[in-house]
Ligand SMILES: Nc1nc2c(ncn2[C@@H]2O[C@H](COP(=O)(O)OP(=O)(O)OP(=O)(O)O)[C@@H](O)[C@H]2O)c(=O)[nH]1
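Single chain ahead, written as structure tokens, the form predicted alone.
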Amino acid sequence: MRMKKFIAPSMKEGIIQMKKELGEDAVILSTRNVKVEGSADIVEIIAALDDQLLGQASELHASGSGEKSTVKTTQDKSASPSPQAQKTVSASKAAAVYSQSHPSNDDEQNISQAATLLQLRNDVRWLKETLAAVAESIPFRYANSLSPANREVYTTLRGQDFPDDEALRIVGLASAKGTTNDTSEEILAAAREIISSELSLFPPLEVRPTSTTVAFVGTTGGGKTTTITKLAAICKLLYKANILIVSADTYKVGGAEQLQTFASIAGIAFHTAYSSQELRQIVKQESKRDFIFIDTVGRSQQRRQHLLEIGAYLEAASPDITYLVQSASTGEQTFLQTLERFSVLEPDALILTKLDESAGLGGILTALRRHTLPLAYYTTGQKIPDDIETARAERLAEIVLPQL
């Protein structure tokens, strides 16, 4: 724990000295130019290594002696080559002379500044720690007003990203179910039942007597292409279905190529549609397939014009089922906005992707309850076809409310 004064011909050299002696973590507390008679100004730097030097600064303040900033240098005249040389001292030599005449004491003003700055840094650190503690406690601000059993379920729901009002609503309904002992396990079971009962589900794909055309829409990066490969593989393995994959996503670099590569490996037919008219013709010609999966271009929910472009492809294909594919790692507000904006395309169901990347599903499930869009599938990784599951309300309720 050290605080030290450095004297140098320039600020640059002073900082070099400071870092050499105190290291890269040293903090400059004050700087000033010092005039030395017969020489250019030199620089005085006071630096410290950490906050705990406040006590030392106070002690030095009590014992400091206020030196003056102007120093008269002494020179050996006999060593001077000329009167002019006697009169002028180099900045480096002036720094050395000043340092020798002030061997260890810092002046009262600089020590006072050091103490003040160190105290300020301590205050700022305390303030940051206090604000962090307050921010951490805000999501659970109603916890202390609940019974111990309700509190456990409430804090779990809040930790799963359920909005405050939604968490309180679920806990209140669960508590009102009239449990006998009002234990955490009973409240938990009742809360799971409430969550699962409020989720609307969509039946999984099945082979029909006629061809089933399935369109996939969603935002860029939502996971449409990977989801199509998983469902195509499952339908081929489970139903021995005759499948065609059509890529209408000619904007995404490598998107069509990725699907085509998968289709080739899996022995599934593949086409690319470069316009809505071409897509209409493909669907008409391939009407004997069990499934026609259509990958549409990923578009932002922010621009209505982009959604209308997708709408033109959907109108041409006349799909039997339209899935909105959206990532579970999206925030609640963005997710809700996506549901609202894509509703103009009239999707039949949602496929929720990337559950393994989501920090909490509370906001997503709340948005689904309020928007009443049924859930068909959810994906839990990149493996094809393993990491996709038919949506089960009980399973999702267990994910957001695991055993306490």
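Heads up: residue numbers just count along the shown sequence, starting at 1. Here the structure is a predicted model, which is why all the values come from computation and not from measurement.
If you look for the form predicted in complex with this ligand, you will not find it shown, but the lines that follow are about it.
Not displayed here, this ligand is kept clear of residue 311 by more than 4.5 Å at the level of heavy atoms in the predicted bound form. Residue contact check for residue 220: one or more of its heavy atoms lie within 4.5 Å of this ligand in the predicted bound form. Although the partner is absent here, residue 322 sits far enough away that none of its heavy atoms falls within 4.5 Å of this ligand in the predicted bound form.
Contact check for residue 382: a heavy atom falls within 4.5 Å of this ligand in the predicted bound form. Residues placing heavy atoms within 4.5 Å of this ligand in the predicted bound form fall in a single listed stretch, namely 224 to 232, out of 266 to 274, 286 to 294, 312 to 320, 224 to 232. Among the residues 356, 41, 348, 340, the one placing a heavy atom within 4.5 Å of this ligand in the predicted bound form is 356.
Scanning 332, 186, 249, 152 against this ligand in the predicted bound form with a 4.5 Å heavy atom cut-off leaves one residue, 249. Heavy atoms closer than or equal to 4.5 Å to this ligand in the predicted bound form belong, across 200 to 215, to no residue whatsoever.
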